[in-house]
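Consider the single chain below, provided in structure tokens and representing the form predicted alone.
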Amino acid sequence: MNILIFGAGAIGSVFGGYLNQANHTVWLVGRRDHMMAVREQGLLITGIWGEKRIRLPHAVTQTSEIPRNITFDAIIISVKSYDTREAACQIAPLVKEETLVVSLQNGIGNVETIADCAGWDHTVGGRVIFGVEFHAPGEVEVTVYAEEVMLGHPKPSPLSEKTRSLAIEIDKSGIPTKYTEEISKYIWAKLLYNAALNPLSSLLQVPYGYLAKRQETRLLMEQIVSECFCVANSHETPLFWEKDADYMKVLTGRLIPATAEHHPSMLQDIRKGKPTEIDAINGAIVSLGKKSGVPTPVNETIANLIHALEKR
């Protein structure tokens, strides 16, 4: 397959590296210092899946550097949620009749933004729940893993079999991946996970495991998740769980233990003085709550505190 990774930071680089190693032709588009290091030294991936240095000659900083005679089977978007619209517009000229455009991003609203530019038939949602940290240009580390990557179309598409094939190829490359016809539920499940953990971990500067050990933070997580469920129900959004308490058992019993030592990218962004994705996570819950008249005071307070940290 010919695959483009647009926004090749930590997560995108891992996908690009593994797919390239599996003999797919991969193009990376990312920051100049990272792309230069990858071209000159190869991509170094370390962490729980082993250490490998992968040669990726097609590492560029903008789509104009990609030959126009290349037809991509899949374009994977892994930029921050606030850059989704710009990314979708940039890759739109590269979308051909059977090109898949895959969102591997945090938060909600990304697939809708991509579909505005690429069309629903081409748009694929993705749920990623393993952690990667960016250490230096050309170097990333896989830190934690909770569950398989899930890929699927948010709306019925004639390209569903190609998406199924893409999931198989990613899985064969070494990144556990499955196809699903319920991707919207998985995206909302990841939203619940991110909303409960990312801002609290960032505000307190602690790994996920700490949050489950303290009564105070467990209570806050319960309140955040409860508001998320109320908002989802008000919009008739289907979830995997009927009650917020059912999800909390999964979060504290399985997901947090699997990622207990992880620090979120939100905390890394704050430390680097960069904007966070809070508006696509807790902020998105606040916005949806206002539309349906559901109060979300805890999520709103959490989002405001993160914005305060951003501006510090």
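Not measured: the values here are computed from a predicted model. Heads up: residue numbers just count along the shown sequence, starting at 1.
The following text describes the form predicted together with another copy of the chain, which does not appear among the structures shown.
Taken together, H135, V144 and S265 are entirely out of contact with another copy of the chain in the predicted complex: none brings a heavy atom within 4.5 Å.
The shortest heavy atom separation between A10 and another copy of the chain in the predicted complex exceeds 4.5 Å. Although the partner is absent here, N304 is a contact residue: one of its heavy atoms lies within 4.5 angstroms of another copy of the chain in the predicted complex. In the predicted complex, C89 stays away from another copy of the chain, with no heavy atom inside 4.5 Å.
Not displayed here, another copy of the chain is kept clear of L288 by more than 4.5 Å at the level of heavy atoms in the predicted complex. Interface residue among Y82, W188, Y210, W241, judged by heavy atoms within 4.5 Å of another copy of the chain in the predicted complex: Y210. This chain lacks the partner; the member of I168, I129, L94, L204 within 4.5 angstroms of another copy of the chain in the predicted complex by a non-hydrogen atom is L204. None of 174-182, 196-204, 152-160, 116-124 except one has non-hydrogen atoms within 4.5 angstroms of another copy of the chain in the predicted complex; the exception is 196-204.
In the predicted complex, the residues of 275-302 lying within 4.5 Å of another copy of the chain by at least one heavy atom are, in order, P297, V298, E300, T301, I302.
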